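Before any questions on how it binds or moves, here is one chain, the form predicted on its own, in structure tokens.
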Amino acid sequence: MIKAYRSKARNLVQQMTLEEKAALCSGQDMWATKPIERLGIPSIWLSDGPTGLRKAASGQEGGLGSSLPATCFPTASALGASWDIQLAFEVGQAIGRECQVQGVQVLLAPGVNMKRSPLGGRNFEYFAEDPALAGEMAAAYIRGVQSEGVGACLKHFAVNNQEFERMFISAEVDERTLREIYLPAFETALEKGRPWTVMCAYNKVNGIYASEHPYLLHHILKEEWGYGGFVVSDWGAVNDRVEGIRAGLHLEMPSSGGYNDQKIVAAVRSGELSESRLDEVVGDLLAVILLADASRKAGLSVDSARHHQLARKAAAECMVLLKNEEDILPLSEEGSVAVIGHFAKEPRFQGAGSSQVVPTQVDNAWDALQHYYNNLTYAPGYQDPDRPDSQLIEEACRVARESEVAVVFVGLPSKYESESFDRRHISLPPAHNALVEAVARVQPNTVVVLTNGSAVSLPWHRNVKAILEGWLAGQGGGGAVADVLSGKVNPSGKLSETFPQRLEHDPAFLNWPGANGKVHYGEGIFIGYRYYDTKAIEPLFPFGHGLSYTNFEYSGMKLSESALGEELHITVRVSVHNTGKRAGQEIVQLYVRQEACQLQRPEKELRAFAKVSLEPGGQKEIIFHLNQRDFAYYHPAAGAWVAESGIYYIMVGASSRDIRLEQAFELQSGEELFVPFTRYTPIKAWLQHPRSAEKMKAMMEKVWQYQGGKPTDADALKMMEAHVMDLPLAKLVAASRGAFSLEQVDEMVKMVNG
């Protein structure tokens, strides 16, 4: 779509003055781009998401808490737990339509940053701790938004995983971790969703601001991935505007009042910045502006009631049944139910910060449960979340004792998790924990409903019969809770993040949140379930976990191989059978493990998933297609993705810890791993390489002479052999006192590297 406007954009750039080009590279105000009326270049409006549209009444206002009403859908952390591609599309489509009606051309959503730690204050805006799941969900959301002629903005590029010092902290991350964990979700979303825009992050990446990072914005985004849209700064993320233009940052938001425009003009006139580079950036930006303007639709309206029903449906799909002893859920229609907790009547339904929506209406669970149950009682249980109130707890216990079941609503208030600050712990408020513990002591049939944007600890989890993770479920969340508790909806969500037993188990624990302007990603590729499964640490609830009111069996796993050109493709077939008495949906997860690898890899990695609906007794075959990249890891020395030949295991299951089927196969990848040799490549590698093995073997007698000869003692010989094998070749120059020269070393390097 963008390509169709490139020619017109280039023609307009040729007619623009230097000052007009510079002016187009920054906003007119808080939300809109600058028009250039003499050339017919329009202004377009950008507004926050991703939970719903947050449009300020005017371009001069921030609009936080006072934006125009819009449907508030579940947060991304909730939507990610649905694992439902079609649902993500429908939510995106509904938000896109509301954008059209309110005159918004670009929605600043979705976010695909990884949940590196449960402490991340903005985790509720992100889909998952796994890039495969996050990328697919984001791509579907983008397709939904853009199906309505509104551009989506993929954010925050890149390695933006904490709020602590977010405006200047440097995320220190190695190349392999960057490529395997923090970039793939962006890559998938760009390839399958094709968003019109990408938003850069506030933070630095390895010492360079993301807003002026040529490796990220130009080398990877534009050259490797072929991205053709424009990059916009996060609001206030620009550091050096000229460096940003040079690196590939197209649009600065919000307006700097012409301050940075003047810097661009001065840099071009002084020769510091080439005008041809500015022309490229302006051309990219202008093509999207023209597309956005041409995609405006007049005369549309929004059916708010229908969108609210979609919000309620989406919320129910997102909820995760973590525990259900003795099948206490769904609740009996005839029994008496004590509804306990302030959140039951005054729900927290969205995240705090720039994504905050003014909803068109809000359901609460207390009102919604009235439609299903006749014998309900209520007690608030708490007021100040940080101070247990003995009188309120005593009242709650009385109500619980007098009922057959107690449903307790607890979770995180907005002051516990928000944009701009990180959480300090993963505990629920003291008043909430005290309430659950007290109620569970007097009522054995206690059900807990959680309201939170990310993982929490549950010290009382063994003392209650059921736990429903309700997330920040949007304006329809209260009704969705009633739908699930009553059994009208069979819960089908599964965790898109690991719930640890304790914060100290988190892989980022020792490297969070950083100090002295840096945060070291010392856990590398081992975040989330990759760490817990590889270290065999039992989580509270594992990645991918979620129960249903019915049961599913897996069978008939079959693998078949085919070639598409030179690349291998694997087709995996699995049958899923609903063996219970209720219709339900199952999320089938496919993981891959390599038996042996040159570099350390996780125990398993998610590579595909599917959500299937089955009537009681129903059965369906699920088909997954894997390509060579699904078996690959990024080798930093080779600077490439490598799928080594060898034994791999394909595992299919209901969670990362509930693998139902597993099958091994041998991959003949046809890829030769090429890691360039240098002067400092160890002798053991020279002995193994076919181009140098023979020559190195012939040299080994001299090598031993350089080391003073072979020891006669067996233990000493073993130690010295290990020492010699790990010697960099260049060390032989000094050891031989120049008999083996640096020139000879370099000749061997040339020979091996071809």
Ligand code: BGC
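What you see is a predicted model, and the numbers here were worked out from it, not measured in a lab. Each residue number is its position in the shown sequence, starting from 1.
The next section is about a form of this same protein that is not shown, the form predicted in complex with this ligand.
Student: Select from the listed residues D630, E243, D234, E187 the one whose heavy atoms reach within 4.5 Å of this ligand in the predicted complex.
Tutor: Selected residue: D234.
Student: Just to be sure I understand the contacts: of R601, R166, R657, K611, which is the one whose heavy atoms reach within 4.5 angstroms of this ligand in the predicted complex?
Tutor: Among R601, R166, R657, K611, a heavy atom within 4.5 Å of this ligand in the predicted complex occurs only for R166.
Student: Is K494 close to this ligand in the predicted complex, meaning a heavy atom pair under 4.5 Å apart or at it?
Tutor: No, no contact at 4.5 Å.
Student: Should L133 be classed as touching this ligand in the predicted complex when contacts are defined as heavy atoms within 4.5 Å?
Tutor: It does not: once this ligand is placed as it appears in the predicted complex, L133 has no heavy atom within 4.5 Å of it.
Student: Answer yes if any heavy atom of Y202 is within 4.5 Å of a heavy atom of this ligand in the predicted complex; otherwise answer no.
Tutor: Y202: contacts this ligand in the predicted complex.
Student: Give a yes/no on whether W686 approaches this ligand to within 4.5 Å in the predicted complex, heavy atoms considered.
Tutor: W686 lies outside the contact set for this ligand.
Student: Select, from the options 150-158, 74-82, 483-491, 530-538, the stretch whose residues sit within 4.5 angstroms of this ligand in the predicted complex by heavy atom distance.
Tutor: Every other range fails; the passing one is 150-158.
Student: Along 112-127, which positions have a non-hydrogen atom within 4.5 Å of this ligand in the predicted complex?
Tutor: Read in sequence order, the lone residue that approaches this ligand (within 4.5 Å, in the predicted complex) is R122.
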